[in-house]
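Take a look at this single chain in structure tokens; it is the form predicted alone.
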């Protein structure tokens, strides 16, 4: 017979998925055990833990993580090894984080030839081209302009490439390797529209060329419509100056657009009447379709979600109650719904969304699950307020050419074996 606790829980989908109200029900013993009867005498006086018996560490000028969390670090992806150590990426360990904000030191980074050591006293931003009054603005000058703050994600369009259709078998990697080229921060900076209005855009202007001050002068073409909408020159990240690997002293922020366009170490904006067709928007970052054609300017990141626990590199700790949790985001707008499945997509249940549905900002989703120890496949599917729904991997693979790397927003699946092993699978 089922226990009283199990009888009280509402099953809303197959294989043990519970209703969101389970989070708020009283009297549920989630781990099947109670702490009743534990004596406090065993943890006080001479039996107290050692950290209660000596003074703590002194104050310091800049806080650091606990030494017990040293393993929570970005993992490096360096395709060219020692030949070009500054070219590659480091991924956010999504499996070790919660909430939606990424700590500055764990925000993913993508560099094409290392991080330049820029002196802010010598760095200047130039705005020229089809403008009435070209501008040359120092870093200190920019600090005097009005600022805005918004929370949004940045995602490399190559995020999810390890789960794209270029391999015959799914790769067994942690969540961070599969989806960790996406991070979220609270950004503060000067609206780009303010600077363009000051420069005076001329008739016929439709595009910008944004160029960085790194050794490869990373550059991309940006539609003027985006620049005049919600773009900013970001100066602060999560309250502190933008870090060097994120573009110090200033970077371009284009909410919802692919990360490569959000040029770091920004030094120049040229207003033009047409795209510049730079190296990185012709040789890379284009979408190759199954019919042999290509989409050259695929700017907006699609609606996507990823379960971060239970997931690799962890394993289940025995049957019973678990919280399925993850992140969902969309470059088109706000995520309004996330569905979770524990039976490989046969049935779905709505997850609890714990963050406000802000535009171009992720939500953290959670769903209670009672695992009975049987083989299971966990999946999540996100919806946004523009009517977009995250597609299956099969549908994504039909749309794009074999070996295509970019804009993979297909559904991720985790298979759980009876012994608790978790594997990345294609469903």
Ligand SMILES: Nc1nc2c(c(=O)[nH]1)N[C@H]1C(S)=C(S)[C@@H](COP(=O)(O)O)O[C@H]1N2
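Being a predicted model, the structure only gives us computed values, none of them experimental. Positions refer to the first chain, counted from 1.
What comes next is about the form predicted together with the named molecule, which is not displayed.
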item	value
163, 262, 184, 95 - the one with a heavy atom within 4.5 Å of the named molecule in the predicted complex	262
In the predicted complex, the one of 342, 307, 156, 303 near the named molecule [non-hydrogen atom within 4.5 angstroms]	156
Partner-facing stretch of 108-116, 324-332, 95-103, 348-356, counted where any non-hydrogen atom is within 4.5 angstroms of the named molecule in the predicted complex	108-116
Close approach of residue 218 to the named molecule in the predicted complex, 4.5 Å, heavy atom	yes
Residue 212: touches the named molecule in the predicted complex, heavy atom cutoff 4.5 angstroms	yes
Exercise: residue 251 in contact with the named molecule in the predicted complex, heavy atom 4.5 Å	yes
Partner contact for residue 246 in the predicted complex: the named molecule, 4.5 angstroms, heavy atom	yes
